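Before any questions on binding or motion, here is one chain by itself as structure tokens, the form predicted alone.
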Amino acid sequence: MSKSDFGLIGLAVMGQNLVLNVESRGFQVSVFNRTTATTDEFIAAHPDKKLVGAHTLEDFVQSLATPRKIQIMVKSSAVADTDRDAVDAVIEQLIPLLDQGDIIIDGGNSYYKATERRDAYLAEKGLRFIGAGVSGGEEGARKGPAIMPGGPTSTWEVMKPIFESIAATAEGEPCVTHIGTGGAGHYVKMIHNGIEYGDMQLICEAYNIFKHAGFTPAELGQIFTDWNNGDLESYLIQITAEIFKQNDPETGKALVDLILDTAGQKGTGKWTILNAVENTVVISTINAAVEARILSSMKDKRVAASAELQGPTASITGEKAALVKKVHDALFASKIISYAQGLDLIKTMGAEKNWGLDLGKIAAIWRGGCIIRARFLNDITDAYRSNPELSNLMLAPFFTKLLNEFQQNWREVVSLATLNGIPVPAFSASLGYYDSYRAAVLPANLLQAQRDFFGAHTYERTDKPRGQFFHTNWPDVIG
């Protein structure tokens, strides 16, 4: 039997779908799973495919053509660069079986610092490593995901034919590019997920306003369908429309109304927040989204508090079409802010790590396959291709125009929600970021005076050149 072009370890649903995707592009694929029955069942289910099942890692490795290309799809749990998890365990088992120049690819949601550690460790042993963020869920894995590989350029060139063949396409371009060295690929995937958190929370806040205004799930299904046919077209808007249209077969009620209001999270949103703090970058929309999930998990506490803490009874009246337009504008404006914050963090971290990140290319591969794919990513791609040094997405002419156009409705929606006691933390955080960023003067002069008062931290003056620092001998107020 001929040697396989590609190997994959970990036959959960994502792994299986990736294997079928790779095989469908003309490659022979070897597979291995810790539970051999899973391997046998998968091979038996696809007798017409060019698949090779192996019961041992030794047989799996020997079935591959050199340089061997092995993708690991097992769950990562490392949350620090010193942690060891299932990915590390598989790598350790592979090392003695591999030859110099063989390639190991981690396609899971690994912490980028763990990826950097693995990259350096394997390089010392003459092996090559790619940390590849893969986005698109089960459907994307099968039909074409967005792939964010990091590692040496030479290793990318070896993997390029396979990755480009299995990735989604947008505007005729494959949704994969070499992100950068080391942990750059998993880092960009992490920020992608942070933006995803923001996107999802913003959509939920729009829904909550509509719900309190008396819109039915059927009406919401039509609104989101209409939005998906316009400038808000995106995967998340599309699936939201379908969710509102789904009725529970047991009760006949709208399924969304029967789902408990507690949300889970896997950790990439929290990683994004911690990284933003480390790099002193504001990602208030993403932060609000992560905190909203945490608050949602406090169901029992919220129910108890609802009987004690007072607030207004929501009463939103008026023409529904007008409200739909205002919420549309607030959602679109807030989405721009979420992406602007995420891309600002990527730019800052890329400079810090000397990764040479290209925001135009990153935005381009997010246009298809991934969870945050959206029509306006074409405009984001154009913005960074036109001006690679763009300091903030809001300042691209296309987005400046939209924000100026949408801001009045945006403000009215945040005000309406606040006056009716409807929580809109991500809408509010987005607007606060916008207003703070555009403010030539902020009240931080008072803050700096306070710092100098209690800690002699000094301050700069408006009537002196920047870089000169002063201290005042403030009066003694203790006693």
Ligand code: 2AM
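From 1 onward, residues are counted along the sequence shown. On a predicted model such as this, the values are computed, not experimentally measured, just so you know.
Form predicted together with adenosine-2'-monophosphate (2AM): not shown, discussed below.
**Message:** When the contact criterion is heavy atoms within 4.5 Å, does K75 count as touching adenosine-2'-monophosphate (2AM) in the predicted bound form?
**Reply:** Close contact exists here: in the predicted bound form, K75 approaches adenosine-2'-monophosphate (2AM) to within 4.5 Å, heavy atoms only.
**Partner proximity in the predicted bound form: A86 to adenosine-2'-monophosphate (2AM), non-hydrogen atom cutoff 4.5 Å** = Because a heavy atom of A86 falls inside 4.5 Å of adenosine-2'-monophosphate (2AM) in the predicted bound form, the answer is yes.
**Asked** Is the gap between V90 and adenosine-2'-monophosphate (2AM) in the predicted bound form 4.5 Å or less for some heavy atom pair?
**Response** Contact check for V90: yes, within 4.5 Å of adenosine-2'-monophosphate (2AM) in the predicted bound form.
**Request:** Flag S63 as yes or no: does it have a non-hydrogen atom within 4.5 angstroms of any non-hydrogen atom of adenosine-2'-monophosphate (2AM) in the predicted bound form?
**Result:** The answer is no: S63 has no heavy atom within 4.5 Å of adenosine-2'-monophosphate (2AM).
**Message:** Check for me whether adenosine-2'-monophosphate (2AM), as it appears in the predicted bound form, comes within 4.5 angstroms of all of G10, R34 and T38 - heavy atoms only.
**Reply:** Affirmative, all three are within 4.5 Å.
**Request:** Could you tell me which of 47-55, 422-430, 436-444, 26-34 sits within 4.5 Å of adenosine-2'-monophosphate (2AM) in the predicted bound form, going by non-hydrogen atoms?
**Result:** The contacting stretch here is 26-34.
**Request:** Let me know which residues along 261-293 have a heavy atom within 4.5 Å of adenosine-2'-monophosphate (2AM) in the predicted bound form, or say none if there are none.
**Result:** Sequence-ordered list is empty.
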